[in-house]
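One chain follows as structure tokens, the form predicted on its own.
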């Protein structure tokens, strides 16, 4: 999409779209970048309300408590610093060996000022790693060269992103590498208007920044559904047999193996892999179980569906089973007919794979579908969790009584206050959960840490396990102390544990906590979003009385708990 189209988008009606407030501060001209950001946000279904600060006003806006930045109260602050200004500062610097370190400290200062006054995420553009060619190739050997210092600065920023939990990178240098420097910048534009990016680069930079925003508000891809024949391997397993399909060194097998390696890395990051194939199940599984050059194995697949039903129906079955939104799913299939059929399902992403399998991987990587705002060790266990969930569903099919099924699961819950080891996972759950989410507030890891140490709140996270394995951390509750009442500031839960008595167990626990701490009532609130209609009547179903204005109350005195099969 070009800049002119993004500019046209800014004039379209955005009244029906969810709003997101962001501030853009730069040491260069940012008005065209602001236009690109708003235009691309519209493409992604977001009405971006943007405060675009005046030219080179970062210091003034971040230092002054009464500045326009702080009055605007954005949800995100975007810092765009350019390599051209960096070079000007470098040329005036005497201590060039420490230029990167001192610049990094200055940028960290911007983050700290914002964090001291705003409840906001920070998006930091990295620097395009350009060279002034004063040293030529020797620049990589000379520590004081500009090229060496700008590379070191990006590395220091990377360290800073890890250390400051609510700061997220926008990879300017990555865009520059992919486009090439000649296309990425326009020296005439910078000379005339102090704009460091070409008109061609603006849409790509906007794409990267808006992708981070989408991840922060919980809109990202969680699952890939895979076709098999001519998608994961070359040929048709039913016709060519195990020895005839192309994987590894046979035919175009290298291209398929590379795709499988990338998919396995996604799985390790926490993306769910499922199979949807028109085939006999035993035949379809054979390469995963027996082919020596297969990279993906059965243990990498959360749900394996191989039959002769139409793929749209099978995709719907997979979505229902793993219980995530259709807009969180990517469907990969080499067959145009199957792709077009599955595209009839609202919300799902179906990439138009190239005709040549050798181009599959580079094409998919270029789409950047799997942006995330968090990562924790628990993500590596997600495949096992969903495989266990399939076992639970099949067990349920064996029982005629739902109570007998729940009793047979042998469920045990763990309930604890927020603790540092769990901060990343707690923050991640707030960002991922859309359906079972009463108030839908997103939190960064730093914000979770702050809440955990604030005496105004009582916090609890919930874990669940059963005979099939661990569900992991599945629910988060933040309770705010209000005189004689305890307000449910946040209650969200993973949908994969719905209808097992967990919501009743948690409600009872909230009231128990309130009673133990001397509160007379628990107050819950439901704030509607496009995705959380499933919990609209939750408080009423749990026995809370409707007070109007979307709030509900349960008196601690005389409260009667619910019947569940969950032990603590």
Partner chain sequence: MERNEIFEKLNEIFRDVFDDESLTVTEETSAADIEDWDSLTHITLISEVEDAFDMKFSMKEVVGMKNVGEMADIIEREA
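Numbering follows the first chain given and starts at 1. For clarity, every value in this text was computed on a predicted model and none was experimentally measured.
A second form of this protein, the form predicted together with its partner chain, is not displayed here; the remarks below concern that form.
Proximity to its partner chain in the predicted bound form, taken as a non-hydrogen atom within 4.5 angstroms, holds for one residue of 157, 212, 263, 189, which is 189.
Of the residues 373, 100, 195, 225, just one reaches its partner chain in the predicted bound form with a heavy atom at 4.5 Å or closer; this is 195. Residues with any non-hydrogen atom within 4.5 angstroms of its partner chain in the predicted bound form fall in just one of 40-48, 58-66, 26-34, 522-530: 26-34. Mapping the unseen interface onto this chain, residue 134 falls outside it, with no heavy atom inside 4.5 Å of its partner chain in the predicted bound form. When contacts are judged by a 4.5 Å heavy atom cut-off, residue 547 does not count as touching its partner chain in the predicted bound form.
At the 4.5 Å threshold, heavy atoms of residue 562 stay clear of its partner chain in the predicted bound form, well away from it.
At a distance threshold of 4.5 angstroms between non-hydrogen atoms, residue 4 is in contact with its partner chain in the predicted bound form.
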